[in-house]
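Single chain ahead, written as structure tokens, the form predicted alone.
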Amino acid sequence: MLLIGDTVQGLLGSRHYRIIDRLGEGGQGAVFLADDGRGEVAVKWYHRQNAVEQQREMIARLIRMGPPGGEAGRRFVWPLDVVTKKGDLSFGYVMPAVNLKSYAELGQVWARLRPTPGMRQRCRISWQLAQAYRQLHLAGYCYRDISMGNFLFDPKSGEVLIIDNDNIGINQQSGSRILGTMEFMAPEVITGRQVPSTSTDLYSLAVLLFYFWIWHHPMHGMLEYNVRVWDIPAKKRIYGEMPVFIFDPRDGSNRLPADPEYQTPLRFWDACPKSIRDLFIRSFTDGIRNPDRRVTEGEWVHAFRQLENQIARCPHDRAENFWQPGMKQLQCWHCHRRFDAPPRFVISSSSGLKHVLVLPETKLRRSELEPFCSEESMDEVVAEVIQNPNNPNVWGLRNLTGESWQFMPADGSEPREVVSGRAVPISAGHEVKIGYQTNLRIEV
């Protein structure tokens, strides 16, 4: 292993990196903080048994090809250079340094070492994670080792980073000594029927999202509870040979045991929105038997972006609750009291219907009004809920698009133009035409 003060040399850029601190160690190697004369970077240095030529060539290829494009591509902490040390048979690679004061691992949240993200941040973390893997797959890559330890998130902002990208390969082309982390591997990889691919990545992504939302593995029920020796054969049986989802609506053989340690996932499942529960059920029932039925990254992105706009606080205890289409009232998951659902903006466009709760802090982003906008512009605020300064009981939706809207009052009176900077009153039945393809209706 490297020592503090050692210097390693880049093979691709001929730059030297001085080791200044040790950050951690994993199964393949250790990660160090280094200085290249211009700033801090991170260096992953492989254990000798993992420093094989195939790995070196794969990393060099990733550096040449570069990360996926767009905003999602910047969430990958991508390799920058291959490094060696004189007289050492091992090697490593350089990547950007990550500010670990801002970013957390899921395990740190479970241990209460870092704050638990709010519901809105959870939705943002989830769709950013899915969108990043979507861009990776569109670029022709497969990740091959999606797991809980390979992604970081900012609990406050919901921003995501994906680390340990040295096992990424070209889908259906690159060979690899890494099959993944067993708890996250698709059953066909565990049983040896398939090698890692974008299809098996979809299964691993679903497991990771389930861990993130339910804080439990989707197959850890009675079948796992009754295992006496939790060894490799037992894991292969539970995860690969006879996987049964703990919330399978048709097969109850792996329900959660009546044990206090297994009650947390049950509570989180009950609080989880039906739209997400349905995707998990599909992932771990049909998606196990038929890989073509697995939930795609785009479906996860769509579902979680919808939920980001459907969060209402309970007026009794301020707990965050999810509204779903058709609900007239919500029952708080924390205090169990009921409260009326807020009004909604119902936005119809070429991509279908979207529902956004009307709250004092509601802001509409470009992606809500323009479904096929670029990822770089999707978070741009194009409308906001405002309060009339002369009458606090009157609320409106201000146009921030830079273009005029057409406002159609609920009483059927003459439509009128709403220029940029002006607002339309928020009242049941009012409609707004935005551009050529988007209509917004106010519903209570």
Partner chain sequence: MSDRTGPASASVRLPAHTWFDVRRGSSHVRTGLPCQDAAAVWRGRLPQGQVTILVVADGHGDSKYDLSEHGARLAVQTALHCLRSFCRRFNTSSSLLYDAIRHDFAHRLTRQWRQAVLRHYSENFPQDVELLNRPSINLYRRYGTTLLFSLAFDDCLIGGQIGDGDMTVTHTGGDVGRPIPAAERLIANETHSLISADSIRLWRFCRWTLHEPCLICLSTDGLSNGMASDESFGDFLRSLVRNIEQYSFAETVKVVPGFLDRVSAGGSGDDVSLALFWQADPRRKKKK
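Positions refer to the first chain, counted from 1. Just so you know, these numbers come straight off a predicted model, no measurement behind them.
The same protein has a further form, the form predicted together with the partner chain, not shown here; the description that follows concerns it.
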The partner chain isn't shown here, but in the predicted bound form, which of 288-296, 338-346, 108-116, 70-78 has heavy atoms within 4.5 Å of it? 108-116
Under a 4.5 Å heavy atom criterion, is Pro265 part of the interface with the partner chain in the predicted bound form? yes
Should Ser275 be counted as a contact of the partner chain in the predicted bound form, where contact means heavy atoms within 4.5 Å? no
At 4.5 Å between heavy atoms, is Pro409 in contact with the partner chain in the predicted bound form? no
Under a 4.5 Å heavy atom criterion, is Thr198 part of the interface with the partner chain in the predicted bound form? no
Kindly confirm or deny that Glu25, Glu224 and Val227 each have some heavy atom within 4.5 angstroms of the partner chain in the predicted bound form. yes
Ok, His216, Arg313, His302, Lys363: which has a heavy atom sitting within 4.5 Å of the partner chain in the predicted bound form? His216
Single option in Arg282, Arg122, His137, His220 placed near the partner chain in the predicted bound form, where near means a heavy atom within 4.5 Å: His220
